[in-house]
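A lone chain, given as structure tokens: the form predicted alone.
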């Protein structure tokens, strides 16, 4: 008895989907006029967000971050290096962002994704300029040895807001990071101790024990789309492809502006719109800090 209704409902769904594919902008604007998005989110709300620390057992620090479907895996590997003459008391951070073909249908095997170098540079600029990591903390022996932190971020699913998710995974990985124990050998060289040797070596220890790195001015970001007089927080890949004007705001944990990034697009970024984006980012940064704190607390309980 319910068959006609079921067919009617199905035809309606098919028609809606056809309209969405043929006229995507009109489809979205119909929703925006009612202050809602097709995924039922209010315009200013970000997608559900999760952080899992310690996702890679072989890394010194790692995290899996998800914002909606967008998924990033960040892993940090620590190696001892000789510091530069210009900064003898500082370590270094090297950041690489990877977009394998599995992450999106628009990424082709054998061809680097266009977004990858852009996101990689944004990440480097943000992490280093925010002052989140004091590079002097990565020094071991002045002028002779310091830590090089290799941060690799892999995009496992690219469904919009790539930079926001990548930055969150990076911050989480540094929160999870354990700096290994090292000592000086008989030749005066730095030696990385194995897990069995840690705390048992009679050699002169440089790092007495595994330690955390101090994080200050932690950066959090929110990407928004500007479309006509609408502002959409945390866009999906579909939204980004239809409405081109993006603004990414980065604030630190004290709500100070770290950077503001607008890579173009047809809509002008008026002062009032930028202020609204900053206000949304301020609210989002508090949410992300809470999610990160809960993930860290969960690890400590375990």
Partner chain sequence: MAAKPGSVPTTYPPNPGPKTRPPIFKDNDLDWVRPDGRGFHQCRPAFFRTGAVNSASGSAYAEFGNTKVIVSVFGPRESKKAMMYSDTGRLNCNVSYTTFATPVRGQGSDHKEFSSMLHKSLEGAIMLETFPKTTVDVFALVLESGGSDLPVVISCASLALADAGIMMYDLVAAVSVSCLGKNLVIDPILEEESYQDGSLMLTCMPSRYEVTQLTFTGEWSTPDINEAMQLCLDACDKLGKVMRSCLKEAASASQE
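All values derive from a computational prediction rather than experimental measurement. Numbering follows the first chain given and starts at 1.
One more form of this protein exists, namely the form predicted in complex with the partner chain; it is left out here, but the text below deals with it.
J.: Is the gap between residue 157 and the partner chain in the predicted bound form 4.5 Å or less for some heavy atom pair?
T.: So residue 157 counts as contacting the partner chain.
J.: Would residue 56 show up as a contact with the partner chain in the predicted bound form if we use heavy atoms at 4.5 Å?
T.: Result yes; residue 56 sits at the interface with the partner chain in the predicted bound form.
J.: Taking any heavy atom pair closer than or equal to 4.5 Å as contact, tell me whether residue 100 reaches the partner chain in the predicted bound form.
T.: Heavy-atom contact with the partner chain at 4.5 Å: present for residue 100.
J.: Residue 50 versus the partner chain, in the predicted bound form: is there a non-hydrogen atom within 4.5 Å?
T.: Heavy-atom contact with the partner chain at 4.5 Å: absent for residue 50.
J.: So the partner chain isn't shown here. In the predicted bound form, which residue out of 213, 75, 218, 113 has a non-hydrogen atom within 4.5 Å of it?
T.: After the contact test, the surviving option is 75.
J.: The partner chain isn't shown here, but in the predicted bound form which of 95, 133, 177, 232 has a heavy atom within 4.5 Å of it?
T.: Comparing distances to the partner chain in the predicted bound form, the residue within 4.5 Å is 95.
J.: Tell me which of 66 to 74, 42 to 50, 242 to 250, 28 to 36 has residues with heavy atoms within 4.5 angstroms of the partner chain in the predicted bound form?
T.: Partner-contacting stretch among the options: 66 to 74.
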